[in-house]
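This document starts with one chain, in the form predicted alone, laid out as structure tokens.
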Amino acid sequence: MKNLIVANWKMNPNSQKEAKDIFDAIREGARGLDAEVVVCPPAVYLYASGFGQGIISMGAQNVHFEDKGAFTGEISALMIKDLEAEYVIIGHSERRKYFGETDESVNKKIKKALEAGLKIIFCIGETAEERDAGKKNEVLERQVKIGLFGIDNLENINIAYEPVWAIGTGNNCSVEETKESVNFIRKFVKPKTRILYGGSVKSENSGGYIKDAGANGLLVGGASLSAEEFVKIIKSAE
């Protein structure tokens, strides 16, 4: 089972040309490396970035839980699949915080994406307040159980542990605490389910999350917008 390294570009960059330049540079740098690499750009760049290269898979950052209808601004799993993307990020903390996603709506999205044949990067993680209150494990267990409710086949499920307090703050989670959380999450999934770490990942700390904390990959935010830095992160997973 290869480590899974995912680039989440969020709402970046500002032009199709820049998106393609970053993507092309990552593709060239990733040649011959022994990891599964996924780039998740804004949906408008999914087609422009390029497909069929045999080196990098593409993924969307979000999906709706219906196939079609009066849902202005949303994209369906069938649309994502038609663009030949393989993955979709679901339940990211920014979607939960800014767009009101709940564990229940995340569960509906996961089911719909699986139905369309997509692979899932299912995000979970506790806030600073929940951590300080000693509720981290309670939160993680709830998010996993509700998010995966009614789903028996976890073959296409990957879980990304992203402590909310570490995302985009530079205050990354320690290897020791990450290992504890990864081991806790493993209690609720199949042995072969890949568990990733995300939260202020950079090339200086990325290797430790895989080699010492036992993560099966990484979900990388801001650092993935630099092709040079992201390729270093991919290499650290080998």
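Computed from a predicted structure; not experimentally measured. For every residue, the number given is its place in the sequence shown, counted from 1.
Another form exists, predicted in complex with a small molecule; not displayed. Remarks below refer to it.
Between the options Gly134, Gly150, Gly168, Gly100, the residue in contact with the small molecule in the predicted bound form by a heavy atom within 4.5 angstroms is Gly168.
Checked against the small molecule in the predicted bound form, the candidates Glu141, Glu94, Glu86, Glu74 yield a single residue with a heavy atom inside 4.5 Å, and that residue is Glu94. The three marked residues, Asn3, Ile195 and Lys211, fail to reach the small molecule in the predicted bound form, with no heavy atom of any inside 4.5 Å. Interface residue remark: Ser200 is counted as part of the site for the small molecule in the predicted bound form, having a heavy atom within 4.5 Å. Taking the partner from the other structure, the small molecule in the predicted bound form has no heavy atom within 4.5 Å of any heavy atom of Pro13. Contact between Ala215 and the small molecule in the predicted bound form is not found at the 4.5 Å heavy atom cutoff. Only one of 158 to 166, 126 to 134, 112 to 120, 142 to 150 places residue heavy atoms within 4.5 angstroms of the small molecule in the predicted bound form, namely 158 to 166.
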